Ligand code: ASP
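This document opens with one chain alone, in structure tokens, the form predicted alone.
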Amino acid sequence: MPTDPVLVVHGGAWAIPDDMVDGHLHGVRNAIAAGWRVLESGGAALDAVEESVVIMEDDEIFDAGRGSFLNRDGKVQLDALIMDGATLRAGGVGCVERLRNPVRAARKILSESSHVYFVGAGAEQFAVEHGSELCRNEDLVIAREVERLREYQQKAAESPAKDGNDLFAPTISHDTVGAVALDRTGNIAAATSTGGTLSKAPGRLGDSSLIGCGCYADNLSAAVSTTGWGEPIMKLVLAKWTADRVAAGNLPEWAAQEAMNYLQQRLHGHGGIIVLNAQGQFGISHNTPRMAWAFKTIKKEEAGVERSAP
């Protein structure tokens, strides 16, 4: 029996400044529109999450693709993962510097490789061999982020933090993007893409592209995408933890809220999460000042930055 499609996206959980709120709302709405076109025409959840994430990678307001936060050396390094809930196939890339849309490369890995994960130059080589074009890293760098990095590094030099965790404060960054979808055939999928943390060490991987950490999908439990401080999320394997709660019979809305509580209580972590099961029930939660999110069903469409969805 055909199911009604559902699409949920996020554009990062952090202290989104007032002057960036409209840009985030515009961006997540555009992402919903792109993914919904796929679902509305009977397309696969996997295609829908890919198209939604591509829109946000191309939007400079987000920390994904062009416009991402710069690492300590002033470069953009990108990570992404996409996962199919029907087959548990997944594709991920890490630390790529010359791909405009890392989620496209991740999708190629899922579809055309027996492997799950490629990093650095090997990921870029795989992408080229499967039809992608490379860009210059400079093409991904924008003036706003050059200035943001300069200001941060100047402040850090003037008053170094004792524990280094100021780098992960919700006022600094975490604008990772993601999407989860349910299609008319009853399959779910998830995708997450990020430029990582401001002034991160070169080669650092966050949670976004790691299976079960920042992204997970299984028709028998849930599709999940996270955003926020990557290290605590990785340590808790938070996306899989949340999916397991749904598999145990909990509603996605409850599981999303519990995941944020668990992140805070266990490791003092912060972030946001979107969760969707194969019955079309979903949850959106965050423990940061703001989170950019949007969802669309047959009956309703909504977007916001201030609160979890009802």
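These figures come from a predicted structure and were not determined experimentally. When you see a residue number, it is the position in the sequence shown, counting from 1.
The same protein also has a form predicted together with this ligand, omitted here; what follows describes it.
Distance criterion of 4.5 Å from any heavy atom to this ligand in the model of the complex singles out 197 from the list 197, 187, 221, 101. Annotated contact segment (heavy atom within 4.5 Å of this ligand in the model of the complex): 201 to 209, selected among 85 to 93, 143 to 151, 107 to 115, 201 to 209.
The closest heavy atom approach of residue 175 to this ligand in the model of the complex falls within 4.5 Å. Not displayed here, this ligand is kept clear of residue 216 by more than 4.5 Å at the level of heavy atoms in the model of the complex. The shortest heavy atom separation between residue 63 and this ligand in the model of the complex is within 4.5 Å.
Residues are counted as partner-facing when one of their heavy atoms sits within 4.5 Å of this ligand in the model of the complex; in 211 to 243 these are 227, 228, 229, 230, in sequence order.
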